[in-house]
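Have a look below at one chain only, the form predicted on its own, in structure tokens format.
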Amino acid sequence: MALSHELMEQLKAAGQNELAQYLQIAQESTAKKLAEQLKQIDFEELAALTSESETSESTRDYTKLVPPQAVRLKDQDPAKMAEARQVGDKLLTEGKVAALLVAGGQGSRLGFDHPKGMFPIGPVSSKTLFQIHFEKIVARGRRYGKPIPLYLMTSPATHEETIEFLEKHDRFGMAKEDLHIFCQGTMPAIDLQTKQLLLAEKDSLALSPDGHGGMLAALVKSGCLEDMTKRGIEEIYYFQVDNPLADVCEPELLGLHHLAESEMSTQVVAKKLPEEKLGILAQLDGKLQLVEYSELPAEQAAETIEDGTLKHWAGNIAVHGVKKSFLDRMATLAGSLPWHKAIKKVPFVNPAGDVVEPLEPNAIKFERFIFDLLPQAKNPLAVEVDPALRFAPVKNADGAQSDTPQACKEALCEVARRWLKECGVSCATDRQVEISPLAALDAGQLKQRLAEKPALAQADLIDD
């Protein structure tokens, strides 16, 4: 097929000679479909990425990492926390807060062949991750008298099924105009040795999602950032779908974030053991940044301070408060989020049309991460939370050592038991009980509900 001269020149300039030759002899339908995919690629950026020999992480001097400035649980001032809550309450009452949910992952590691948000996790109700999160947002909006818009990012693999699922369930009570579903972008995989683009099929590039950092470009492209402007949104609560303990749009975090005039704040939990698979927040050269657990050398990971606790304690749980104005500023800066390279096994189709299943990692995938905004944020803030109340991710199938559905369900039950005890209700330590967000968002609201309907205290599921 005779392709445009411009496209062929772009391929050659980017060093993609193999694909250029393939397109010249491919059937017209094949070449046409590939050409449409190639139009979405920034060839100058791809050429720069393929020429890089090292990633930015390799230049870090991990011996110079210092713990972050943080609001620690043990040092919290009750008066300061009360002030933060009042500020957060005001932001919510004025309708200046939006929720941003990252939900592009599939449940493959859970043995669940659907978007992870559709995974049933309610210990009594079997509510899905999506339903629990949506009900929290709906309930928070009801409490403050202002709907909270939700911007939900999917991936190409989950987009259509997510839309169909949420519409089938009437968005779990969320108004249609308050839900904005947008899809993250993709990046092509390249051969590890030759740096040539790989084909997943004869007429399709090997593409993969561009990481949760792809959120920024996708917000702009989808019009969601502009929609936030029209709504008067000032603060954004960012979270990921696999953690049903995320207290979505909690006023304390929003208030601390706002009072500190922080452009990006992050919730963290205290790591107890160096081998815990949590990236850590630390300062390097005066800038707050995240270091993945796989990058942190064992010597630094195990380093302790005078009281015997870990020096690098601040474990990232992927919950952020972000100023909308910060995203506006970052969206105008080319390269504000760097690309990270991951060496993976990627099946591909060779020029002869045969499918090759590699035995060893053979390809480079490119991803962006949202936490790379932290070093560029003014007054970044870390806020410690209790993992028993805020962090129970669902990542691995039951039988794994951590982050399993069973562990998550137990954590949800434990929160419910704790709230009931705070309300003066005797509660067995093994009681299986679940509290719907529509019934109560915290122990104080639960106490009001129990005063109205005392019989609810004995129910296995305390629902609206």
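Just count from 1 along the sequence shown to find any residue number. Since this is a predicted model, take the numbers as computed values, not measurements.
The discussion below concerns the form predicted together with ligand UTP, not included here.
Trainee: Heavy atoms, 4.5 Å, ligand UTP in the predicted bound form: which of 134-142, 74-82, 239-247, 162-170 makes the cut? Say which one.
Mentor: That would be stretch 239-247.
Trainee: Find out whether any non-hydrogen atom of residue 390 is located within 4.5 angstroms of ligand UTP in the predicted bound form, and reply yes or no.
Mentor: Output for residue 390 is no: heavy atoms all beyond 4.5 Å of ligand UTP.
Trainee: Is residue 281 close to ligand UTP in the predicted bound form, meaning a heavy atom pair under 4.5 Å apart or at it?
Mentor: Outside the cut-off, so no.
Trainee: Consider residue 235 of the chain shown here, and say whether it contacts ligand UTP in the predicted bound form, taking contact as heavy atoms within 4.5 Å.
Mentor: Judged by the heavy-atom cut-off of 4.5 Å, residue 235 is well away from ligand UTP in the predicted bound form.
Trainee: Considering only heavy atoms, tell me if residue 395 and ligand UTP come within 4.5 Å of each other in the predicted bound form.
Mentor: Although ligand UTP is absent here, residue 395 would touch it in the predicted bound form, with heavy atoms inside 4.5 Å.
Trainee: Here the chain is shown alone; which of 108, 309, 294, 194 has a heavy atom within 4.5 Å of ligand UTP in the predicted bound form?
Mentor: Contact residue from the list: 108.
Trainee: Looking at 374, 102, 219, 363 here, can you tell me which has any non-hydrogen atom within 4.5 angstroms of ligand UTP in the predicted bound form?
Mentor: So the residue touching ligand UTP in the predicted bound form, by this definition, is 102.
Trainee: Would you mind checking 203-225 for residues with a heavy atom within 4.5 Å of ligand UTP in the predicted bound form?
Mentor: 209, 210, 211, 212, in sequence order.
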